[in-house]
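As a starting point, one isolated chain is supplied in structure tokens, in the form predicted alone.
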Amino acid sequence: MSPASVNDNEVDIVIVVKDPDAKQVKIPEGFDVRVYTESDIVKVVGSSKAFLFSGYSSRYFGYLISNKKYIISIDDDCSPAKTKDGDFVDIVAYHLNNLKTPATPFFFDTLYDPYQKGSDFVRGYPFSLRSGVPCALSCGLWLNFADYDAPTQALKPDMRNTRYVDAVLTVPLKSMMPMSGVNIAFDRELVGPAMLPALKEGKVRWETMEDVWCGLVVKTVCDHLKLGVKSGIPYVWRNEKGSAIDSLKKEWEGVKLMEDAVPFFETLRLSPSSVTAEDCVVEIAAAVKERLGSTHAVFVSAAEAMAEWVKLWKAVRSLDH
């Protein structure tokens, strides 16, 4: 694949958000790097909101603080995977190619992404839909440590993902998905406000379930605004991290809530007056509080956190001008 072209004002070289609980961050020389610590976080959002950006959620501060068009986020336990030919995957180029080529959410193409090199639309694909829509989110995959939830990891501790599938596809309209922040890229100008930390119980974070909630929000926003989401390449190699039993203890309450959350998002329809990602998030937050608030108190907290995130996003954006 030919590398996607990128301007300096579109992507930061490297932003590192240091988890307040981490002791040390080692950064190789030769990179244009901006490192943000707990004191930087407090300076921007205040001490009362700094807890939002600890642990897995430290990445969200990077989303908040960047002023670039495209954001590519890779977890610290990942490294470039290798293709079937043994070449290292150019993660940045693949993600940018996904974002800079249209998505096709309204009609499924059985040959994956028709905009990839060597591909095209299959017979019968409506010509009126072949121009596609802007792609706002690129969800990459990973090899080795598979993307399973804690119960599955506990039951199958030796299972690994070894299949490199050289393909990417558009997630169809109204299909929900369990997004992960381990290997993603998005267009900040289109959906930045929807990439948010919200699902937690007080200051207790359900780790990966927060990413899943964020994915449900951003997919709903994309469907409403007629934007696309892609899933597939690029791959990263993910090292083993943590204990499945420990994760199960942390996440189980959040896992159970998905049985209520997914049907809610599948049936949610936003109003025509919501024309930006900020509008959509505010409307979703109100619907969460109204329709899910009575089932579990955490949904009320999530709705409030979403509304506060939009205010915080606007406040930080105002500093750019």
Partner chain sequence: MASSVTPTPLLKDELDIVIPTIRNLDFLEMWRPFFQPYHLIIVQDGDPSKVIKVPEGFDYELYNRNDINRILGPKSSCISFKDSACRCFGYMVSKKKYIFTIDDDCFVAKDPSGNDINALEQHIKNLLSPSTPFFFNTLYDPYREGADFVRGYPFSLREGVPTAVSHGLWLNIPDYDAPTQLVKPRERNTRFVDAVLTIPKGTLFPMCGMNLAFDRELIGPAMYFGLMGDGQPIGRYDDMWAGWCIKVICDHLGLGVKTGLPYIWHSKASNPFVNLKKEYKGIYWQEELIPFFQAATLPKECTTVQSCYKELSKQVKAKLGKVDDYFNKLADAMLTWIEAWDELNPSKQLAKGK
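For clarity, every value in this text was computed on a predicted model and none was experimentally measured. Positions refer to the first chain, counted from 1.
FYI, the form predicted together with its partner chain isn't displayed, but the following is about it.
Among 93, 176, 133, 154, the residue placing a heavy atom within 4.5 Å of its partner chain in the predicted bound form is 176. Proximity of residue 220 to its partner chain in the predicted bound form falls outside the 4.5 Å heavy atom cutoff. Among residues of the shown chain, residue 195 is not one whose heavy atoms approach its partner chain to within 4.5 Å in the predicted bound form. Contact between residue 290 and its partner chain in the predicted bound form is not found at the 4.5 Å heavy atom cutoff. With a 4.5 Å cutoff on heavy atoms, residue 245 does not count as touching its partner chain in the predicted bound form; it lies far away. Judged against its partner chain in the predicted bound form with a 4.5 angstroms heavy atom cut-off, the residues 108, 112 and 120 are in contact without exception. Picking from 187-195, 166-174, 220-228, 85-93 the stretch near its partner chain in the predicted bound form, with a 4.5 Å limit on heavy atoms, gives 166-174. Residues of 272-304 that come within 4.5 Å of its partner chain in the predicted bound form, judged by any heavy atom, do not exist; none qualify.
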